[in-house]
Structures are given as C-alpha cells and as structure tokens.
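We begin with a single chain expressed as structure tokens, specifically the form predicted on its own.
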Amino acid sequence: MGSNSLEINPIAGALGAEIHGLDLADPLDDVTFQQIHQALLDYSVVFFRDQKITPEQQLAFAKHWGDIHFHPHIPGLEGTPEVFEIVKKEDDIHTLGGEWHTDQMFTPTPVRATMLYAKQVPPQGGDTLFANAYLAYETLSDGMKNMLAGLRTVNTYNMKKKRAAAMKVNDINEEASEVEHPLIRTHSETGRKALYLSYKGITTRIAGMTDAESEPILGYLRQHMTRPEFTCRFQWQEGSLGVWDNRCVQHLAVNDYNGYRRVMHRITINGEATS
C-alpha cells in the first residue's frame, strides 16, 4: 500500500497520533514505512486501529525498525519467542507497567521502541497513558537545565521485588545489577533533548549522590514530566496496535479493570547506548 493512502491524525496536543489506511497483515513497502517512521519521530507514539494480525505478522512489522530485543526475564510465545504475551486475569490485582517508566531502562542499551498489540481488552478501562519527555525537558528553567546537565542516574530492576501477576518469569532469584544513564538524554535521530528517568523502583538515585540527596530532584522531575499537558491517553480496542519511542516517552498502564481479562502481545526493538 502506497504512503499517499495514509491518514495521520494527532490525538492530543502533547504527543500521539493515529494512522489510518494501512492493513498491517500485508507486506509493507519501504516508502510507506518511512512515512510511519517519520510519524513516530514527530509524535513519539503512533497507533493503528482494527488490525487482525498474527504474531508472525506483528514480528514482520517490528523488524522494519531493527533487531528484536528479548526480555531478560520473561519468555516469549512458542514459535515466535520475539513476542511475549502480557496477561492480566480477572482475579489479578497488579498489572505489569503500572507505574510511569520507560522500557528496559535497567539495561546498558535500553530498547528503542515498544510495540503493543491488543488481543483482548476489558469492556472499559485498561487504557495506557503516555508522557512527552521532550516537553518535560524543554519547559524546565534555564537554571534547572544547567544544574541537571551532566548528571547520570543509577537504574536497577530487582526481580525479587517485582510482582509479575499471571506471567512466567525466568531467573527470579537473579541479583539486581545497576546501570547508569544520563538524566538528560539526546535523541539519536532527532537530536532533541529529553528527560530520561523512570519510577523510583528503577531509577533509584543520581550517580555520586545518596538516595536522600537524589530524591528531591528526581521526585520533582517525575512529577513535572507527567503533568497533564504533557500527556495523552489511549483507549485500547481489540485489534489496536501502538508503537512508542522509549527515548523520549514514558508510559503507564492504568489498572482500573479488576474482574476483567486483558491480553496484549508485546515486541521491543533493540536500542543503543544512551547519550
């Protein structure tokens, strides 16, 4: 399908757009993908409605962005291990991704992009919130920007403390490791600067500072980044697919649908060292 058939509609002032006129079950030509890729760079998260795709077709679409990242703790589907299934059952209390974060920040080379496909959704609830980390940085005062310049954060992921309800988790006894990333990240494609941090369980402190010294700064930045005017909210429907850029976006899965089942298929794309 040619790129001139695509319709790109922003869904909020801060970020996010829906792309219409594309069947992801069909092979994707390079010209059309380049338009999708540019839309992701422009809007940071893009969505497609009414898709009927297999894990193999989702994987084929994901490979246009690069090599696939395998989650270090959660196994993939049989036959397509690059795709892993996120299931929240009717009686599950906790949800994966229920705090503001950017994916795989606890690794030395965090994932570039995340792709999520809705297989089964509750009749209401189960939305995902997204926050624009570019705007969060750009609206800081010059004094704050100067203070933060050059700071790095310490990030970890302790499986012993995680509650991955309804999911099979590998290496749950693995000790947590620590990695550092710049608090202000420069996007490798757009060149724009963005705040880069996650919730306290992942981004634990500023390198060279104690937890107590770090928290007033990190706590303020977390609150600032998720101001309503920096966010968009996406209501999933069966067949919806979203792709977001972890280099400039935080997200949160809203846990407001107890008693209902939600099933999503996720793929993540390999990233690069942060700068």
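Everything numeric here is computed off the predicted structure, so don't read it as measured data. All residue numbers refer to positions in the sequence shown, first residue = 1.
There is another form of this protein, the form predicted in complex with a small molecule, and it is not shown here; the text below is about that form.
Heavy atom within 4.5 Å of the small molecule in the predicted complex: which of L96, V121, M105, A194? It is L96.
In the predicted complex, the residue from A136, L116, A113, I184 that sits within 4.5 Å of the small molecule by heavy atoms: The option sitting close enough to the partner is L116.
Within 4.5 Å of the small molecule in the predicted complex, all of T128, W236 and R266 (non-hydrogen atom): Yes.
So which stretch, 217-225, 244-252, 36-44, 57-65, is the one near the small molecule in the predicted complex (non-hydrogen atoms, 4.5 Å)? Heavy-atom contact with the partner occurs in 244-252.
Does at least one non-hydrogen atom of H101 fall within 4.5 angstroms of the small molecule in the predicted complex? It does: once the small molecule is placed as it appears in the predicted complex, H101 has a heavy atom within 4.5 Å of it.
Indicate whether the small molecule has at least one heavy atom within 4.5 Å of a heavy atom of V154 in the predicted complex. No, V154 is distant from the partner.
Please determine whether L140 contacts the small molecule in the predicted complex, using a 4.5 Å cut-off between heavy atoms. Contact check for L140: no, nothing within 4.5 Å of the small molecule in the predicted complex.
Given that the partner is absent here, does V83 sit within 4.5 Å of the small molecule in the predicted complex, heavy atoms only? Outside the cut-off, so no.
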